[in-house]
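Only one chain is shown below, in structure tokens, and it's the form predicted on its own.
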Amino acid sequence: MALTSARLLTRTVHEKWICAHSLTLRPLVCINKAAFYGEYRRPGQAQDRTPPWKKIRFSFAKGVQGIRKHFGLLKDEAMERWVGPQGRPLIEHMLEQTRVQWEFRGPESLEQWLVSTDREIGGRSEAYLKLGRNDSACMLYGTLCSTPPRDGETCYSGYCTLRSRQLLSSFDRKKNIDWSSFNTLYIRLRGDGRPWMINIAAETYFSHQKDDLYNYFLYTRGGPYWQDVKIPFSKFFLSSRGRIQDNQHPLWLDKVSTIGFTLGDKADGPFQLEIDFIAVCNDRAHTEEFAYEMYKRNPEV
């Protein structure tokens, strides 16, 4: 009888402990499940519950081809070190005043760019990228629609983005662009009068800064004539997830990763933007370090 009472008491205490800690244990289970399956998804999209190991497609031939490719890139990187920065002599790198970073002179140049619209969240905007006449420029065109999707969650819509791909070195390591020798962005383009936002992403130290962008508004003139635009890097302001930050600081020019163009002026209808080249230059007449006020949390007395 004493043994039975002890067992009942132990069971009661165990049940009370489970009930008391169920609220504490439940978030841990949900967090692990979210990290494993990826609970976050765009509104209107079905949840993907496919285990990660079922998404792997192994091919021996592609593996050998990839090994050859990456070891070839590693060899080229090692040889460039003996010549100079980016495979050029040091004196040429020091005296460089202008550098064309992207130019559109063939179908292979379009492979370095990505086009995205609000269709990823259920919107209706469309955007396409193709080469212009005589294969001398790229043309981004489409239709902008600011009507939000009827999913009950999304309130705003209507955007399109052209963004450069992340450069990769051997073994898919991120390769940043060094613009520390320049102070101005130089673009030759032809628009239709719409305002565009130029976005520059730089490598960050912390994971919570992955959505940080340096932005500047570009106002195109429209018409049949090309427009040469020079924008000092000191004019770019910092934003995170579309919100301008109070704590501003200059762009890290030695860790640039991508550049992009975004249209979201809420003017429904067709749009068109042609880009001839994107370059950087060193303007000796521009001496401004940063155009915006920087706040100090602990100001000097």
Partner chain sequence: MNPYVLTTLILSLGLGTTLTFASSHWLLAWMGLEINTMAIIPLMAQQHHPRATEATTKYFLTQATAAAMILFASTMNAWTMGDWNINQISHPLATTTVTLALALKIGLAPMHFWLPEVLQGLSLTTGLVLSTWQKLAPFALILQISQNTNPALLTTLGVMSALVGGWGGLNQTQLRKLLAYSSIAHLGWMIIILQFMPALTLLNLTIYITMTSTMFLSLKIMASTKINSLALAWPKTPTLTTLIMLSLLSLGGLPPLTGFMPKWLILQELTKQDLPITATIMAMSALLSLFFYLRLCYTTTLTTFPNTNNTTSPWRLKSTQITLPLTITIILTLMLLPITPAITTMF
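In this text, all values refer to a predicted model and were calculated from it rather than measured experimentally. Positions refer to the first chain, counted from 1.
Below, we turn to the form predicted in complex with its partner chain, even though it does not appear here.
A heavy atom within 4.5 Å of its partner chain in the predicted bound form is found for one listed residue only; from Thr204, Ser109, Thr98, Ser169, this is Thr204. Site annotation in the predicted bound form: the residue of Ser181, Thr147, Ser116, Ser136 reaching within 4.5 Å of its partner chain with a heavy atom is Ser181. Using a 4.5 angstroms limit between non-hydrogen atoms, Asp254 touches its partner chain in the predicted bound form. In the predicted bound form, at least one heavy atom of Pro250 sits within 4.5 Å of its partner chain. Not displayed here, its partner chain is approached by Tyr214 to within 4.5 Å at the level of heavy atoms in the predicted bound form. Interface membership of Gln209, defined by any non-hydrogen atom within 4.5 Å of its partner chain in the predicted bound form, is confirmed. Comparing 157 to 165, 222 to 230, 82 to 90, 117 to 125 against its partner chain in the predicted bound form, the single stretch with non-hydrogen atoms within 4.5 angstroms of it is 82 to 90. Heavy atoms of no residue among Arg57, Ser59 and Leu73 are located within 4.5 Å of its partner chain in the predicted bound form.
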